[in-house]
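Quick heads-up: it's one chain on its own, the form predicted on its own, in structure tokens.
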Amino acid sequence: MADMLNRAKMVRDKLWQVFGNNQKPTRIVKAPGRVNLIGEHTDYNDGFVLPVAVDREIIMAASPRDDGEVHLYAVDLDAKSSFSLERIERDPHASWSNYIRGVLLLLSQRGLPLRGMNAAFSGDVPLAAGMSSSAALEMASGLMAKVIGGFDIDMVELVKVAQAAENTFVGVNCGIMDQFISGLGKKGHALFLDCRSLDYDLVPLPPTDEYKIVIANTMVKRGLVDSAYNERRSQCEKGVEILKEYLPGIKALRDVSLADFDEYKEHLPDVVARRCEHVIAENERVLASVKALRAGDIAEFGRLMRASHESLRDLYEVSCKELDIMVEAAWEITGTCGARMTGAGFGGCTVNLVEGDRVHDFVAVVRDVYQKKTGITPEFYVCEAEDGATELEL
């Protein structure tokens, strides 16, 4: 908490330095990044996910303007971008600003009374690591627009705006999980989300002194992810179309049980069957994980994490050599409760649940094994489950 408040002061001071120290009133908000504990590639199949908001966030400081202008300063990039609320367009030269522009455009299209602002922001969510720095920036922008404009909008509605902004304005066809957990996460809890209904429930995690969430970054950029994502999405949709002939009531793979799948999978092309099997079984693993965590059965939760990785590796085929090396090293370490790849795949990060007093050894061993086998130095982020987007007081 002290680190976050120190960073918030730094961002506020940068706002004053760049735009003048008469920026009154100054408002400060934060929105966290996330890691998904289990439930991968289920969101766009109307399925279930179990993410946590982590204690790495985007912090934004802003003050109102009366001329309808928005002036942005990205502290970490030392870059500026400006536009008018009357004419919000994409900026090809400052692509980072499009996440903010898109959110403000969609809020204005809802008829909400937006106000101009000077804003500065900074983040410690690792970029291109699958921890959703983009969703954190969108949620921080939406919340800041709310507090500067003085209007009311429900957090779930703000989540929908942020996702739509990334889909339609930025042009990334993401699901809703990232924005949802950034907006509605709660300290000490994972969030069980039904991606169809948007019903959600908070699931208590074990005490942070007993277990830590350790995110390990392979440092491999996820180069194949866009084409592979679209391909797998279409394979899942093809599976649904074929299965509808035998299960006419289904709308998505979340409507298919493993028993039904086993009965009709022979009608699917082999690769489509493997993709569908992962999604259907992964949904069941998420439901089982919620039960295990509520019961305090950490060993069972760890078993489910392992099964998830094996399915992503063998059936959905979105892992890679580096992810497998990192996960398999973690599985061998005493004190590792569970380990799996997290995110879209082909690089990025693994998520690990590790006994609190074993974290130092875990990091040392995984780093050593990974470096020897890949020649790459990984990064590690020891995290706790944190609250979602909120305004900060200094």
Ligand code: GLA
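Throughout, we count residues from 1 along the sequence that is shown. Everything numeric in this text was worked out from a predicted model, so none of it was measured.
Just so it is clear, the following notes concern the form predicted in complex with the named molecule, a form of the same protein that is not shown.
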Practice problem: Have a look at L158, V214, C174, L85 for me and say which one sits with a heavy atom within 4.5 Å of the named molecule in the predicted bound form. | Solution: C174
Self-check item: E57, heavy atom within 4.5 angstroms of the named molecule in the predicted bound form
Solution: no
Practice problem: Evaluate G39 for contact with the named molecule in the predicted bound form, applying a 4.5 angstroms cut-off between non-hydrogen atoms, and reply yes or no. | Solution: yes
Exercise. Would you please decide whether D43 lies within 4.5 angstroms of the named molecule in the predicted bound form, comparing each non-hydrogen atom pair?
Key: yes
Quiz item: Is there a heavy atom of G347 no more than 4.5 Å from a heavy atom of the named molecule in the predicted bound form?
Solution: no
Practice problem: Tell me the stretch among 111-119, 174-182, 145-153, 68-76 that has any heavy atom within 4.5 angstroms of the named molecule in the predicted bound form. | Solution: 174-182
